[in-house]
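This document opens with one chain alone, in structure tokens, the form predicted alone.
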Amino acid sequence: MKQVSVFIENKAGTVVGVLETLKKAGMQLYAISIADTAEYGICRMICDDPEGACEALRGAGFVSSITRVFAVRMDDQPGSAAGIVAMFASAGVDIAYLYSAIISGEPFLVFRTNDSDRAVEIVSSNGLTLAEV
């Protein structure tokens, strides 16, 4: 899955600018996460058209990029996320960051790994379901 990452200033109104830009471009937003420091933040998003979103954001003056991430369906019960993360940890695959999302009414764990090829093997060998957006 492709994720859009946007570097934003840590000041009032910046996130509104990002969201308004996507709204004007007709983008459907499925998930969003923001991590910040004192001066800037990284807004990570899953949407229906990552390339189009990046183009719109860049046109509005935002620095954005596309990153490969995994969105694995979770059971809707306590401990589901822990079980998924444990599968990757036991295989020695680091997770750089993660966040949860509801995509098409289903819970998903969205994350980036240090080894995408190995992550694909883990998903396949454990019968995990990836989101299709």
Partner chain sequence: MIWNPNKECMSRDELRGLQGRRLHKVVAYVYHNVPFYRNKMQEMDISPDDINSIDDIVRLPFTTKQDLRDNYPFGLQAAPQSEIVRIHASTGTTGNPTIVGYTRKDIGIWSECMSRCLSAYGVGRDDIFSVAYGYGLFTGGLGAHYGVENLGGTVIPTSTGNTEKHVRLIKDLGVTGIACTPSYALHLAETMEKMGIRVSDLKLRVGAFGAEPWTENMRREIESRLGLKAYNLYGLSEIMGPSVSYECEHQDGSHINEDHFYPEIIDPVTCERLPDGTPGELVFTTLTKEGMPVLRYRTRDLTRLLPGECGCGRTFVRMDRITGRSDDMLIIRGINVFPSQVESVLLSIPECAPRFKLIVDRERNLDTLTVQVEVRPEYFAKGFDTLSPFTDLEKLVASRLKSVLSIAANVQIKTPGTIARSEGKTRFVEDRRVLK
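Residue numbers count along the first chain shown, from 1. Quick caveat: nothing in here was measured; it's all calculated off a predicted structure.
Unshown form predicted together with its partner chain; subsequent notes refer to it.
Contact of residue 61 with its partner chain in the predicted complex (heavy atom, 4.5 Å): Close contact exists here: in the predicted complex, residue 61 approaches its partner chain to within 4.5 Å, heavy atoms only.
Contact of residue 80 with its partner chain in the predicted complex (heavy atom, 4.5 Å): Heavy-atom contact with its partner chain at 4.5 Å: absent for residue 80.
Partner proximity in the predicted complex: residue 52 to its partner chain, non-hydrogen atom cutoff 4.5 Å: No, no contact at 4.5 Å.
In the predicted complex, residue 39 touching its partner chain (heavy atom, 4.5 Å): Yes, contact at 4.5 Å.
Residue stretch of 100-108, 41-49, 24-32, 83-91 approaching its partner chain in the predicted complex, non-hydrogen atom distance within 4.5 Å: Every other range fails; the passing one is 41-49.
Triplet 76, 122 and 126 all within 4.5 Å of its partner chain in the predicted complex via a heavy atom: No residue of the spot touches its partner chain in the predicted complex.
Partner contacts in the predicted complex for 1-24 (non-hydrogen atom within 4.5 angstroms of its partner chain): Sequence-ordered list: 3, 5, 6, 7, 9, 11.
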